[in-house]
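One chain is shown next in structure tokens, namely the form predicted alone.
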Amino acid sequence: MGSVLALSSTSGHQNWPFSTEPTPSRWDAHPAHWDSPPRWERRDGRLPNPGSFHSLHRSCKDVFPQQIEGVKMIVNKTLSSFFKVSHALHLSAVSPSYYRFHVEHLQSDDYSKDKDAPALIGEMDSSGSLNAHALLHLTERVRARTVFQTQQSQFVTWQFETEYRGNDFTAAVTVANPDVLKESVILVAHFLQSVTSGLVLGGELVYHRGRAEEGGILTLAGQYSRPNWVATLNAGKGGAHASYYHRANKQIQVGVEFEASTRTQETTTSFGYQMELPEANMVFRGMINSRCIIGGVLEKRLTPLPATLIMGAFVNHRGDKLQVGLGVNIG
């Protein structure tokens, strides 16, 4: 769970990309360095750390193209070694147009493997909605994360997460939307254990308490990985999510996802692929799913300019809908 908002969302690609909701912020999920998968082998021969629970399906999801619709321009600027800002302007005829300002204050400490690991992240759009993250490495093994999100003038999410990474296991606890007056709270616990060098087992427990309802959902998870492929399965009372990622060679990667929800009584199977053309400075991602949605996004690096041109199109044959997008990423 990147956010407690995931509790009320449907399965990943079921309503994507033809949704009237605005395109989510790029940091709504955990930043890549926070969830980065462990190294395949440890030199000392011991079992590796399994990484974060949020990153179990990351390899497969990164193969699929991201939604693009309308016209979008992003300008990134590094002001110093500790400070970065970006401006995003999105014009759309389907979802509300917006301007978004993004700022990062970076840290460089002895515990961070990524020297550009963000310590503070803030973002505000033209509607007045604010998002703020604080990512801290308390010790070499303990990491803390705080999230605040507002929808215009109202608080939507406030959550606190602590993660401990042992030699061969990861444990995390999240407290989300605690409200003493309404007597409500959401508690999420994650645990992953490396059984062998390629097998990881664990689970997620979500507990929700409110004045009118109280309940919990247990989800079991497993992942088996080899140097060029990864198979992952999450299954519980709320449904199932299975994915398979395979790297065919340096240029081609493919992924398959199956998602089933007991709440919506819907299932979706999706196939995605990524093709890299280094000589042409291009990356193409495509997808097709069982809901008759076909889409693709082409990214072209405009060397020697510090800019990337992004073109994408998605077709819903069942709903007779078409979305086309064009974007430029500068910096």
Partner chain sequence: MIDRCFYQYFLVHRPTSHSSSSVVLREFNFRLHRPLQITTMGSVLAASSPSPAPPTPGGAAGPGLTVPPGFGMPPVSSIIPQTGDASGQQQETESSLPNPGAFDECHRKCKEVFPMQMEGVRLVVNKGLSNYFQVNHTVLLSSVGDSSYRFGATYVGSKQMGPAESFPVMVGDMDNSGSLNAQIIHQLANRIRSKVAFQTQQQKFVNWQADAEFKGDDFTATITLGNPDVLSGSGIVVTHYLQSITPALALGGELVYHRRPAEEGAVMSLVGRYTGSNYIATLTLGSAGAHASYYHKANDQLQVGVEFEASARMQDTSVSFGYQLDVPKANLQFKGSVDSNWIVGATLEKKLLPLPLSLVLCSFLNHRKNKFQCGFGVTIG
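None of the values given here were measured: they were computed from a predicted structure. Numbering follows the first chain given and starts at 1.
Although not depicted, the form predicted together with its partner chain is the subject of the following passage.
Visitor: Can you tell me which of 78-86, 91-99, 143-151, 187-195 lies within 4.5 Å of its partner chain in the predicted bound form, counting heavy atoms only?
Guide: This holds for exactly one stretch, 91-99.
Visitor: Would you check, heavy atoms only and a 4.5 Å threshold, whether residue 134 touches its partner chain in the predicted bound form?
Guide: Residue 134: no, not in contact with its partner chain in the predicted bound form.
Visitor: Look up in the predicted bound form whether residue 324 has a non-hydrogen atom within 4.5 angstroms of its partner chain, and give yes or no.
Guide: Output for residue 324 is yes: heavy atoms within 4.5 Å of its partner chain.
Visitor: Would residue 70 count as a contact of its partner chain in the predicted bound form, using a 4.5 angstroms cut-off between non-hydrogen atoms?
Guide: Although its partner chain is absent here, residue 70 would touch it in the predicted bound form, with heavy atoms inside 4.5 Å.
Visitor: Can you tell me whether residue 307 touches its partner chain? I mean in the predicted bound form, with a 4.5 angstroms heavy atom cut-off.
Guide: Residue 307: no, not in contact with its partner chain in the predicted bound form.
Visitor: For the stretch 174-194, which residues lie within 4.5 Å of its partner chain in the predicted bound form by non-hydrogen atom distance?
Guide: Sequence-ordered list is empty.
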